[in-house]
Structure formats: C-alpha cells, structure tokens
Ligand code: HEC
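There is one chain below, alone, in structure tokens, taken in the form predicted alone.
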Amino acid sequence: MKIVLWIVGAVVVVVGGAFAFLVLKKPAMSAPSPVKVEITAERLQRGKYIFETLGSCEDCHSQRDPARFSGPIVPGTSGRGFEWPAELGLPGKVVSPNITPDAETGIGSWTDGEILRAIREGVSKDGRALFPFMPYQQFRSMSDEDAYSVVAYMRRMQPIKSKMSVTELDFPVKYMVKFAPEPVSGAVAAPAKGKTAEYGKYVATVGGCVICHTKMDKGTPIEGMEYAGGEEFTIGSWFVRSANISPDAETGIGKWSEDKFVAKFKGYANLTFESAPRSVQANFTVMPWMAFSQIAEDDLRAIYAYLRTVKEVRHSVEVHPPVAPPRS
C-alpha cells in the first residue's frame, strides 16, 4: 500500500511540476531592438504594398464582411482589429488586435523594436506569445528592409480608437503556444527581385500561401501535404476548402500556364467593397482576392515559378461542395 501511495504521490509531483512549468514558462524572446525606423517615401510605398496586399496584414486586422464575396474590408476599419468567428474552429477566442497608431487602444505606445518583434518573432509588447494564426513563423523570413517598411507604414496609418478584447486560448493550446515564438538572429535579406523561383519562394512565404493551402491536423500542418489544399473554413452556413496549388497535373495547377495563373488573380482587380457580389455557398471564400489581385504581376510570375518547384501532391479537393458537410 505504501508503494502505491508513493507512486501516486510521485505522479502528482511530476504532473504538478510539469503544469507549473507550462504556466510559468516564458516564450523564447530577445529584447526588442533599439532601432528607430527612418520613414522615407520608398519605405511607405513598400510598407503599404506588404501591409495591404502581399502580407495581407490589413485583411486580418480589419473588420471584414463575410456576407460579401471574399470577405472584403469594411471601409474605414483598416487596422482597427477583428475578432475571428468561433465557427472557424479555432482553439478559443482569437482576436487580431488594433494595430493602428492610436496611443490608448492601438500600438501608438509601442517602440519600433517591439512592433518588429511581434511581426517576426511572435512576442507582444507585454511578453506574451502570440497565437501563430498571426503568421510570424512565416514573417520571420521577411527581410529587415521589408519589415522596417511595414513599421514605417503602420506609423503613418490613421489612428482608430478601437479597444479590442484579448485572445483567450483553450487548454492546452494556451500553454503550448509559448513554444511557438523564436527570436530572429542576425540580419535577414531578401533574394534579388525577379521572376525566379527563389524570389517567388520569398514572396509566397511573406504572402502565407502555405498556411491556407495545406491541410491541418489539430492546427499542425500534415507533413507532405504542403500546398495540396483541403484545409476547411466555415463561417455561418458557408463552407469552403482551399485548393490544391501543387504542380500535380490532375488535381493541382500543373496544367496551368503562367498567364492563366496571373489572370486568376488579376480577374478580381476591379472588384470593390460595393461591387462585391453576395456570398453564397457556390462562391464563398476566405481568400482575400481583392488584396491579392493587386500583387505586382512580376511577383505573381515569381510565385508561379516557385510553385512549379514544390512537391507534386495528388490530392483531389472539392473546393465548393453543394452544401456544407455536417459539423463533427
């Protein structure tokens, strides 16, 4: 009996110690850089491009209208924050905060280094680990100059007073998320610009293509299924799966020409909030087509070149089923 009690006691101590470790653990982090970003016309232009278009920052941190095709941004809400619908199946309440330069409710009191650390390392001003729905694990590949450009642009955005609630993750994700941040070490440079696979990989990484176009298992990408699509998104009664964009000829985009790939994006270039059609099951999507339609043509051609080099995955995806399947 004493042995049983001893074993039970040891298990309690081990489990309790492990739980205490998770509760007290701080995410891996570096001190915020002391850098003060110089604001130039070139950085404002580049920062606007990444924030509003390529990096799709605006789409996650603004109010969107899912009742319209592609969930366009509600005018006047850029950067004010957004609470994600619960039906997306996220592990708790996930809130994209106000990132306008409002001093009280936004990031007006943050230093440039604190903003950079949040963008590329996933650590908030107060030392919290950010839920990697914020794609800092991809943004860590963003070059120093591009990151500085984003900060410069954010500093010049229209401040919006919008107090958002804080992300509240479910157990055990609220503790496991602390393992996601990783400091950026050393300088980060981008490949030379051009319609090359190397630069296309950089652009696709900053654009977060692999995040939505890879099937997940409990929030973790399924190994070997990168770019093969099939990730599911539900909002209200609408349901969509991401497309297979691997170079598989039968189920992916292997038969697409470069021009067809570019045309797919540019076909939405003239769409506006007012002209966006109403969402129905047949057209519902979370793909931010309005933003991505403005990606520079050369960047789209670079992405195409990169996607031709990734692993072909035979994975047939019904992107728009006639009706949403029953929820499990």
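Quick caveat, the model's predicted, so the values are computed rather than measured. Sequential numbering from 1, following the sequence displayed.
Another form exists, predicted in complex with heme C (HEC); not displayed. Remarks below refer to it.
Quick one: does Arg301 come within 4.5 Å of heme C (HEC) in the predicted complex, counting heavy atoms only?
Looking in the predicted complex, residue contacts with heme C (HEC) do not include Arg301, since no heavy atom lies within 4.5 Å.
Is Tyr175 close to heme C (HEC) in the predicted complex, meaning a heavy atom pair under 4.5 Å apart or at it?
Residue-level check for Tyr175: no, no contact with heme C (HEC).
Contact between Tyr49 and heme C (HEC) in the predicted complex at 4.5 Å, heavy atoms?
No, no contact at 4.5 Å.
Is there a non-hydrogen atom of Pro97 within 4.5 angstroms of a non-hydrogen atom of heme C (HEC) in the predicted complex?
Yes, Pro97 lies within 4.5 Å of heme C (HEC) in the predicted complex.
Here the chain is shown alone; which of Arg128, Lys215, Arg140, Lys195 has a heavy atom within 4.5 Å of heme C (HEC) in the predicted complex?
Of the listed residues, the single hit is Arg128.
Using a 4.5 Å heavy atom cut-off, which of 71-79, 131-139, 185-193, 215-223 contacts heme C (HEC) in the predicted complex?
Careful reading of the contacts points to 131-139.
Heavy atoms within 4.5 Å of heme C (HEC) in the predicted complex is the criterion; list the residues of 257-288 that meet it.
Sequence-ordered list: Phe261, Lys264, Phe265, Thr285, Val286, Met287, Pro288.
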